[in-house]
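In the form predicted on its own, a lone chain appears below as structure tokens.
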């Protein structure tokens, strides 16, 4: 395989693309981080499109600039500053989803062979974004309260690190929330070693249990945190709109890169989102999302309690989209997916091998409860559990 083909394969987000042709209509997918389509405010967004095109259409269809629509950046700054982010519009750039933010930061900071710190496991889309720049990785074990910061300190003592990538809220894929104590210590370590933190926070507004913790950006005292947010999980992913927060000097460099990438995120979309926020009760919408995802999480945990065989464990998230499923060390969830789940049972999930930079852990999987309904969740977990029970017996016999 040539270098381009290798790098292209590395940037696959899930590693499941080669299975797609075999998927049938009865496939149950727990793989993608897809929001519940029933929660998309389609009618309100339609009305916003109509208003923008009727009253400001020529402006919305014109070129503008890479920073993004100023009124929307002002509205974001107001919202974020209510949570003590302490940002102004010159520290916000609107991106095509948080995913573009990952790419822009990697493009700015990484050269081939540079070392970055990531959680283990971590978001497969981040590994895909970083892979194009061919870094090396140092992994931090995930504990119940977030990444192992003792490991991080040892890494920082011995290696030059370009940035530390973390997902502090309802971590993708485990659902873990980084504790306040660890957030504070992470900032202290970053300040001491003068290393950038890349905070990926698309699930920030999707907490349905417990107390909201301050973001890393709100704790930032030296301008070392670059923070990413997204409308994909809280409005609709098809809008492809997110935001990136950084100190002014970094943001100028990121803006130059965005100019060279796409000139700007679609102005029409930005004006539509601003109009939507102006004419609708977004807090009520968020409350509905939280109630919906809490119910779906409960459905999945009920099904796992009912069907999952002994020897397996799973996380109990207080927000976000994902559960982390872990089995005995003898099981390879990737092999099970490719040989049994996808082609025969028509069940999809993301195996743990795709979620570790080292590709070293095989006995886990990310499963999403966000999009399916109750019947689909129950049926899918039932079928998944039956196969896992058979595979566990097979492993014991061998």
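Positions refer to the first chain, counted from 1. Since we're looking at a predicted model, the values are computed, not measured.
Not pictured, yet referred to below: the form predicted in complex with a small molecule.
Which pick from 227, 174, 99, 265 sits with a heavy atom within 4.5 Å of the small molecule in the predicted bound form?
-> Contact check passes for 99.
233, 204, 217, 297 - the one with a heavy atom within 4.5 Å of the small molecule in the predicted bound form = None of the others qualify; the residue that does is 233.
Would you point out which of 178-186, 165-173, 73-81, 282-290 contains residues with a non-hydrogen atom within 4.5 Å of the small molecule in the predicted bound form?
-> Looking at the partner contacts, the answer comes out as 165-173.
May I ask you to check whether residue 200 falls inside a 4.5 Å heavy atom distance of the small molecule in the predicted bound form?
-> Heavy-atom contact with the small molecule at 4.5 Å: present for residue 200.
Taking the shortest heavy atom distance, is residue 240 within 4.5 Å of the small molecule in the predicted bound form?
-> Residue-level check for residue 240: yes, a contact with the small molecule.
Consider residue 123 of the chain shown here, and say whether it contacts the small molecule in the predicted bound form, taking contact as heavy atoms within 4.5 Å.
-> The answer is yes: residue 123 has a heavy atom within 4.5 Å of the small molecule.
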